[in-house]
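Only one chain is included here, represented as structure tokens and corresponding to the form predicted on its own.
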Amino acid sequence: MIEGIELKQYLHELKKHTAYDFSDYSDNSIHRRILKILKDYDISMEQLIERTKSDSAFVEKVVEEITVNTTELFRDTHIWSAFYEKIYPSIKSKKFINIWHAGCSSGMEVYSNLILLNELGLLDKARVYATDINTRMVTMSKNGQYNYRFNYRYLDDFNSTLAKKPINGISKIDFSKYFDIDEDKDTMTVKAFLRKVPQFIKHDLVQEEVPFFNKFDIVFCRNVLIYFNSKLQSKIFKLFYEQMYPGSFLLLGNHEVLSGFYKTKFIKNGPVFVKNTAFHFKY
């Protein structure tokens, strides 16, 4: 077990000697992950602090352990159906569609989104930014290469959803348009025309200024805020609110909700939160 004072001391040293500040993350979440690090590396808290002070490569591994990087292609098919059927058609007349994936992890959510945009003929309008604190995840996102056997089932799941309720006459997406598949190597690689669309940027949502000047029509931030305490969540809600156009859409994780002051600044509509009271569609 780690005493609370030991955990706070470590987070203080991490902030002092590196560019990372996890002091406002959920105590329970941080506690579990630090325990795992101590066990995996078979080191004491004192040794962890010393390595953190002197070993930048080790720090990046610690950050990978602390941050959560679970995602799949077309995760939660009902959400993507809503974007495909309702949300994107409601803003298709815009000259540009600005999208921010905050905490993009390995990029699978980003590419799922780009596939939908292309199927709707909106890819040329999309200006897509994707950020993550984890250097390895940003690199993986740029490369767009994933495990084939594990991930292809999620594409099948989405096509099964389409088959039950075709959208704009489309009941199945031909995913061979979007991935180069090598079954022998168990890889599926996003095709170059899709990989060149998003800008993937290493960015600390907690500490750093937003690395672009755009305001956004859609902000994806799924299963990130759940690991923050209420104070930090409010800070990020403020950031999103200021970066979003009126009537724009915010997608959070299934178990994440707006709280405090910013709960009054968005209205829940289907799977998304809409800034202010501008509605483009009704569920």
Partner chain sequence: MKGQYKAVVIGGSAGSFSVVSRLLSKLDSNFPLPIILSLHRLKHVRSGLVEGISLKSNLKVIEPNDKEKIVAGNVYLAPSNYHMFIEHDGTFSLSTEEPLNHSRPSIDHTLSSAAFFFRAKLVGILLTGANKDGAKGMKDIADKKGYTIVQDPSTCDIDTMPKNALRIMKPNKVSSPDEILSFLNNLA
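Residue numbers count along the first chain shown, from 1. Remember, it's a predicted structure, so these values are computed and weren't measured experimentally.
Heads up, the form predicted together with its partner chain isn't pictured, but that's what we're talking about next.
Asks: Pick the stretch from 103-111, 179-187, 149-157, 89-97 whose residues have a heavy atom within 4.5 Å of its partner chain in the predicted complex.
Replies: Comparing against its partner chain in the predicted complex, the contact stretch is 149-157.
Asks: Of N28, S44, S56, N214, which residue is found within 4.5 angstroms of its partner chain in the predicted complex when only non-hydrogen atoms are counted?
Replies: Looking at the other structure, the residue within range turns out to be N28.
Asks: Looking at L239, I49, I226, I37, which is the one with a non-hydrogen atom within 4.5 Å of its partner chain in the predicted complex?
Replies: Looking at L239, I49, I226, I37 one by one, just I226 meets the 4.5 Å heavy-atom criterion.
Asks: Classify K235 as contacting or not contacting its partner chain in the predicted complex by the rule of any non-hydrogen atom within 4.5 angstroms, answering yes or no.
Replies: Outside the cut-off, so no.
Asks: At the 4.5 Å heavy atom threshold, is R33 in contact with its partner chain in the predicted complex?
Replies: Contact check for R33: yes, within 4.5 Å of its partner chain in the predicted complex.
Asks: Does any part of G253 reach within 4.5 Å of its partner chain in the predicted complex? Heavy atoms only, please.
Replies: Although its partner chain is absent here, G253 would touch it in the predicted complex, with heavy atoms inside 4.5 Å.
Asks: Is E119 one of the residues lying within 4.5 Å of its partner chain in the predicted complex, judged by heavy atom distances?
Replies: Looking in the predicted complex, residue contacts with its partner chain do not include E119, since no heavy atom lies within 4.5 Å.
Asks: So, E72, S230 and V257: all three within 4.5 Å of its partner chain in the predicted complex by heavy atoms, or not?
Replies: Yes.
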